[in-house]
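Let us start with two forms of the same protein chain, each given on its own as structure tokens and named structure 1 and structure 2.
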Structure 1
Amino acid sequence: MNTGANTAAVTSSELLAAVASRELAGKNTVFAGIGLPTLAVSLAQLTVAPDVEIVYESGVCGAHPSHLPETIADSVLITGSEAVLSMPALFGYVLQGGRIDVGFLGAAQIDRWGNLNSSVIGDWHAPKVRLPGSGGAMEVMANSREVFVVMRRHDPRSLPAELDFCTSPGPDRALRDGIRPRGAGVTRVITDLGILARDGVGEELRLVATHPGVTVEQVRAATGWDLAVADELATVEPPTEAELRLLRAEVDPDRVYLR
């Protein structure tokens, strides 16, 4: 246990985890990867959403890990868990079956409609950078009730006017493709500058809150499109003492992800 940690300055990871955790009030099932999303869900379990369950892309449900997991498939997630599902069951019955309230995703790029690129920078056929690709992101986007995106770096390359490639489309692109979307797509984007939000089909992301000390102009300048701003712009409440204590003492005492 790292008892001295509470006096340290708030890191960007702590800020993002705390802010994301609060958005999970009232949620039951969250599809999340390792890292910031796990921290956010773990904190939410200890605060606003005691019953919230993480479903991992590896097929683990109801994990009770003895150690902080290093990957979504870490052996410590499996031993002592409540269920391990095969891939067809996980993606077919749980994800496409509509059992996920909130999916957490990251991406190299997100556009104003909440569409995501995790495939390439540059042209797909001759990319400047080949990124990992969809993994399950396309399914999380298409099937979760809503999606939260955490972007560590809010800049015009990550939030461009146009994606280099759309890997995981939101509902507006699905509609234009002639297919009725199921979920709301991205409803929250939590960045190091503030929070963008949209409610669902037909809406674009707008700035709803900034972190203390961050100006609207800063956020708009760091965004690749002409970012809309909510009428009632809020200031994000920084992590509370209690949140910081839980994150530092309970959730990630070795600061594996709270770097």
Structure 2
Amino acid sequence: MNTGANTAAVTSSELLAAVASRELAGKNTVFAGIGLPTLAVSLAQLTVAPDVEIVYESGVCGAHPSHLPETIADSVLITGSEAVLSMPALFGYVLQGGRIDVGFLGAAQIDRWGNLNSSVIGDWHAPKVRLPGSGGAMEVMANSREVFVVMRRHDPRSLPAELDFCTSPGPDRALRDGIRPRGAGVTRVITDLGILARDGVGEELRLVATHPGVTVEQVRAATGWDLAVADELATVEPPTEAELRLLRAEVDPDRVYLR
């Protein structure tokens, strides 16, 4: 049986979406950010997590869109959904009520403790790049049982020793500031070099798996801190032909997020 696809024909977006989707096996409720998280959750519904409930920041719960939404306000999210809640109900009852298994986010930067930056690159007062900001990510970070992050780039600028700005603090930083968080914070980071993980509060992210052909030295050189490596380092299975077929023909045939 052919379990893998020709990796030369696989784009970075396809790789990230396929690998990230597998992390959702056994999860029940996922708060999905727009972009690669949406792509990964949609694929997971067709593969490892057919009963997963997808929640979006616009208040849509149990989304079953006819095609991929381009924004959280896309009308395709409403049709066929199981509920549409007001913002107070979504954030007060669903998120703050502890009903989200996994918050699935993207970010411009992430540090060793899983704190996220989605606000600015460079100095706050004269940034090189100004980004969209938190949106609901800070609430997702604070109230989800755990958070997965997918990163398009793995380099010292995206995984720095110090964030240019902390938009969404993880539980370690929250505890330092006297705030007791609900969940474990970031437990998985999927990049184009491999997978970083930690079990929860008090632990740094460590390298637990690399993509085929990627060395530990490459990953460490692309990380802005002294990255720890798991004792048993795994090799990520490349996207299968079935996963690629689903991504290309059913999940995102119009290439909204696949690049």
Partner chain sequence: MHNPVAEPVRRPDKTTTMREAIAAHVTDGATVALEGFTHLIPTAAGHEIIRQGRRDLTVARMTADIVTDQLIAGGCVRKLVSSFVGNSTAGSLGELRRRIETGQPEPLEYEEYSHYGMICRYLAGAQRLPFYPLRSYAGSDVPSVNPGIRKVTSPYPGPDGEPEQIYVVPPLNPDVTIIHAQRADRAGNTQIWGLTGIQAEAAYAARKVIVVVEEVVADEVIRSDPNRTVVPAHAVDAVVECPRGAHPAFAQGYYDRDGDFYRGWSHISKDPERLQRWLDEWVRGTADHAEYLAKLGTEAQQRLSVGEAWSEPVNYGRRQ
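Predicted model only: the values in this text are computed from it and were never measured. Throughout, rigid core stands for the largest set of C-alpha atoms superposing within 1.5 Å between the two forms. Residue 1 is the first residue of structure 1, and the numbers go on in sequence order from there.
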property	result
Selected structure - the one that is the form predicted on its own	2
Rigid-core frame, C-alpha of residue 228, shift of 2 angstroms or more between structure 1 and structure 2	no
Core-aligned C-alpha movement of residue 68 between structure 1 and structure 2, 2 Å or more	yes
